[in-house]
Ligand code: AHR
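We begin with a single chain expressed as structure tokens, specifically the form predicted on its own.
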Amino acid sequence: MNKLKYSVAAIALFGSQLIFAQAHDISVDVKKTGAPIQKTMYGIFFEDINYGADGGLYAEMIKNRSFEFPQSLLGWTTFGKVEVRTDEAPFPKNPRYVRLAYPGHKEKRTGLDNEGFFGISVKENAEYRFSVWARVPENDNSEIRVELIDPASNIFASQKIAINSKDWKKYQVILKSPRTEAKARIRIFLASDNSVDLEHISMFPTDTWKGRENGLRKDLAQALYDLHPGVFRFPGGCIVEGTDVDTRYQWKNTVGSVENRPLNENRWEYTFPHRFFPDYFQSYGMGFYELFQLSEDIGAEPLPVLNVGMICQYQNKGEACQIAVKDLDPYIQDALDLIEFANGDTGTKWGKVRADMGHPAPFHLRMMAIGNEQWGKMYPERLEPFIKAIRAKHPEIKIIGSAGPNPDGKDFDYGWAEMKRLKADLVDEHYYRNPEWFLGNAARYDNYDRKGPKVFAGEYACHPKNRKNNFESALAEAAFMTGFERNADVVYMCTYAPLFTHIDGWQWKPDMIWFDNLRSVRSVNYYVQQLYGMHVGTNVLKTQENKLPLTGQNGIYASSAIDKNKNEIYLKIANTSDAAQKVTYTFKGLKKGERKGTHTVLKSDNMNAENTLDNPFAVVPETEKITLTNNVFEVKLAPKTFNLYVIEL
């Protein structure tokens, strides 16, 4: 929530009481524009970690809705006569369903209730669409009663559903909650003497993102839209690899009828023993179709990541654990078929699948990543046949390879050399490092090879000592990102990671957006990404002091861009020092005259300050109007601030 302040004087910022430790003279060349900045420069990366999908962005409220968890009733409490069955199932890939039968006495009850994801949370006057596939196995009619109950088992919403067919059919009702309840449950009673079979028991808010029935949680999707991302990487990193071959992410299992998408184990279920969640699975309800659709909704280029024929190298040591190169054909075909699914016309096999799901128009896929975070000799050996096959059939698709899990070292150097040899279009670099690393590496890309593959910073985040999304980490990221912009001829894309985390189900932190079942909060880091994403520009402007880029001199980091379409200049400058600093900007090639603009600052007196669910706006950007009277102007940077100046041309 930006706070807009109105300035009377031209950039009289923060008051005259500041004592300036340093003075900087910065030149910005407006007339001679530099490298183009890709529209994909600032984006987002989604992975189903921290309950980011089921229990998070995917708005389904029922856990284990098709009884396919290894413990088939995990998440459910049953009473009376309830039986899990597999005969005559309506959905072959999800063969389990439950039969509710007469309990044997008119005063007894049969039914089951579901705990949801850390509770079923409903809002006052909100409506929820309950649906179920059902049949009456022995007679023509039966009935169930659906109830919302609070932790004390008080009923506060109820509906009856008449089941009137021996054939499997979908039934649905709307439940309207009269109150907000954070930890409700949903209970289903058999309300007849006749047995009933139930499968794919589901409940969604009616108010989902774009109003879709198999939809996304509105506040979380809106937060993504508000970032103005240029690229959307999905469905994850390590989750693509899986812990073993059977649990790797397979995109073909995530499309088609949502009721017939098979369950998959989530590799983050048990990766961290201190944060073990035995009920963490992937329903695939939010599959590749929905992720492509979300990319389109938020205006971002889709960037799917596919398995290269390798499973997690951290959990599986040695060549014998991986798919042999001679056995890669099905994996390569998956990549080719995905291009057809995304871009093929409706007469193709996979283009028809997309069309039948409701999207006849192509998704305009232009790039894909093959492999996530692999390293060593095994990776390029497997990547090479993918590249040959994709180049032969789809030369228009850009291919992204990996430089491994670290931003430097022997494996990183080897990975880069191999990506150059294989002529990958981009190389995915990952770095989770402390604030000192980020501040010390702002010049990282200044001396990269301008003729080689381009850089995709596919996973990065500053990790302070307390691993929180605090102001210290956000300021370090803001300073570091000036190096992305300054080197836009090399760096084509970047995505912070991870994206989401449920406050009751986190396994990894920091993360960009935190949430519970009712609320969400945008971290301080989110606002850094948003400020960059909303002010990308079309070209770099050379920004120097004493003919050198500003990469930490006296704690100052700066870059500039011009947007030729909007006729605006964007000046980004961070003061990471403990002292206020005076900066004089001189614009080369800018005609004299009065110009309007804005100054936005992200600041805090507390480096540990963070936005929380209870205090979501502790640190947010503050914006004021400014006026420039000529092509030289002075700005006064308060200590520990990230500043964005937008100047109209």
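Because the structure is a prediction, the values reported are computed rather than measured. Residue indices: 1-based, along the sequence shown.
Heads up, the form predicted together with the ligand isn't pictured, but that's what we're talking about next.
Segments offered: 368-376, 296-304, 101-109, 185-193. Contacting the ligand in the predicted complex at heavy atom distances within 4.5 Å is 368-376. In the predicted complex, no heavy atom of Phe438 sits within 4.5 Å of the ligand.
Contact check for Ile49: a heavy atom falls within 4.5 Å of the ligand in the predicted complex. Shown alone here, Trp268 lies within 4.5 Å of the ligand in the predicted complex, counting heavy atoms only.
Contact check for Cys238: a non-hydrogen atom falls within 4.5 Å of the ligand in the predicted complex. Scanning Phe118, Trp508, Phe156, Trp350 against the ligand in the predicted complex with a 4.5 Å heavy atom cut-off leaves one residue, Trp508. This chain is displayed alone, yet in the predicted complex one of Arg261, Lys398, His430, Arg135 has a heavy atom within 4.5 Å of the ligand; that residue is His430. Contact annotation for 472-510: residues with any non-hydrogen atom within 4.5 angstroms of the ligand in the predicted complex are Ala497, Pro498, Trp508, listed in sequence order.
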